[in-house]
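The chain below stands alone and is given in structure tokens; this is the form predicted alone.
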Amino acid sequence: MTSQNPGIRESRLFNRDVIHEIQRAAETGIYDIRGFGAKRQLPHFDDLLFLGASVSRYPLEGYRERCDTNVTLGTVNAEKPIEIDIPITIAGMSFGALSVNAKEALGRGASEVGTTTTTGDGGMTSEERRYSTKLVYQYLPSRYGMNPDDLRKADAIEVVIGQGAKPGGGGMLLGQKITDRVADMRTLPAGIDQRSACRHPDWTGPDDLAIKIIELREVTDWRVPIFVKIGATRTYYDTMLAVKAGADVIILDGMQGGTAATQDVFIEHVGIPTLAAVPQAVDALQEMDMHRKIQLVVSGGIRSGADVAKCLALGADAVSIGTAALIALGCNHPRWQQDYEKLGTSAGFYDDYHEGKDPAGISTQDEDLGSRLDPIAGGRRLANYLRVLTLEAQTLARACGKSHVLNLEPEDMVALTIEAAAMARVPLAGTDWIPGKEKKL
């Protein structure tokens, strides 16, 4: 909406959104909490392009020549590494933040295409374990729902140090979503707001992390891989320290990653873009001679097969999706438009995951709303989406002449902007210039 008076100009610094937020803060005295991820414009994978094969490179024929997509996670220390059929996994999202039907649907969809799903804060549900053929158990600072028996049932353990949407901060689960079952799993009172800790209570540094990883290996008889998840900030050093502490897999979550609930100021102003973080993690792994030995899984704003392929080309072994998976299940679907309007929003804009009123039945604990999500149909939609991402990534890899998606490399890409070229460390399109990198004479 623009002013009808051509002589009136909106301030760039104090625009209508800023004015509205100042007024809201002045009236309520509380900071804004929401879900979803960063909404500000940030350099992302759209700013990169692939250089398809022609004369100097030969493409692969899609109908006759294979392009494999399988990945093995945890090849160094674990007795039973995880074999996944596609380079895409499902990120940790808790029962509590999500409905039980949503957790079941995620398990069904991931299992159908041969990949992993992850528990999230608050513990493991029986439905999740039943329908997930490959389940990663998150071990978080809160310790909510932490159960050694469930640890032993998992196919991998993910030690969460930070999350891309809120590195250095803890999570929130408001009282209206704390049902008796959620409260029982977390050993906390029902109906009372819960805040997850921002750091683990029993360690203060990487030496303590190394001790904890050994403890977890002993609990699981050294069978399963140990992942360490970091929010993208000081990525080079965090990756290096996590590897030295004994991690089998690094989960790197960029600031475009989503969340069920945290402060808006955190989502928009903490962390670094996923695009900038990946090369830093790869640098650390290469310096330690552990690249492709310790696997790197990248999350934070992955939406398409192009995003997947570009992550892999920058050096990741796989990616992880959260927000996109919820959208595939039916979040923000136009079929619920009237219900979204009653909440003061619209399909495609809904981000109040913390309120427990999700019309799609995904980010809620309301039984009536939750019943709107058929976990079988939801799982099928998720599986379809994962297949499309995989096919798109394969298509791009074949166009670059690669017989495996992990054979993609930075040399296969150029950047459209100076910022993306500097962050991804690939040349600006039409030049051989990588900003910040000196040319060799």
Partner chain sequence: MNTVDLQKQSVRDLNHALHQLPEGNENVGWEILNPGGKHNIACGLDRELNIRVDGHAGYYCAGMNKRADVTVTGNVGVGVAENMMSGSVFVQGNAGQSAGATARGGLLVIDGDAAARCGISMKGVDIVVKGSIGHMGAFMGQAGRMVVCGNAGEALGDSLYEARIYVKGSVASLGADCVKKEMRGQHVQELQELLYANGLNENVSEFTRYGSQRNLYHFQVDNALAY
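Computed from a predicted structure; not experimentally measured. Numbering follows the first chain given and starts at 1.
Only in words, not in the display: the form predicted in complex with its partner chain, which the text now covers.
Quick one: find which of 268-276, 250-258, 204-212, 230-238 has residues within 4.5 Å of its partner chain in the predicted bound form by heavy atom distance.
In the other structure, the partner sits against 204-212.
Should Asn147 be classed as touching its partner chain in the predicted bound form when contacts are defined as heavy atoms within 4.5 Å?
Judged by the heavy-atom cut-off of 4.5 Å, Asn147 is in contact with its partner chain in the predicted bound form.
Taking its partner chain as it sits in the predicted bound form, is Ala347 near enough to touch it, meaning that at least one heavy atom pair lies within 4.5 angstroms?
Ala347: no contact with its partner chain in the predicted bound form.
Look up in the predicted bound form whether Phe50 has a non-hydrogen atom within 4.5 angstroms of its partner chain, and give yes or no.
Judged by the heavy-atom cut-off of 4.5 Å, Phe50 is well away from its partner chain in the predicted bound form.
Verify the contact flag for Ile327: yes if a non-hydrogen atom of it lies within 4.5 Å of a non-hydrogen atom of its partner chain in the predicted bound form, no if not.
Result no; Ile327 lies far from its partner chain in the predicted bound form.
Please state whether all three residues Ile30, Leu174 and Val219 have a non-hydrogen atom within 4.5 angstroms of its partner chain in the predicted bound form.
So, yes: the whole triplet contacts its partner chain.
Residue among Val76, Met288, Ala197, Leu343 with a heavy atom within 4.5 Å of its partner chain in the predicted bound form
By the 4.5 Å criterion, the partner-contacting residue is Ala197.
Though the partner is not shown here, which residues of 161-196 have a heavy atom within 4.5 Å of its partner chain in the predicted bound form?
Met172, Leu174, Arg186, Thr187, Leu188, Pro189, Gly191, Ile192, Asp193, Gln194, Arg195, Ser196 sit within 4.5 Å of the partner.
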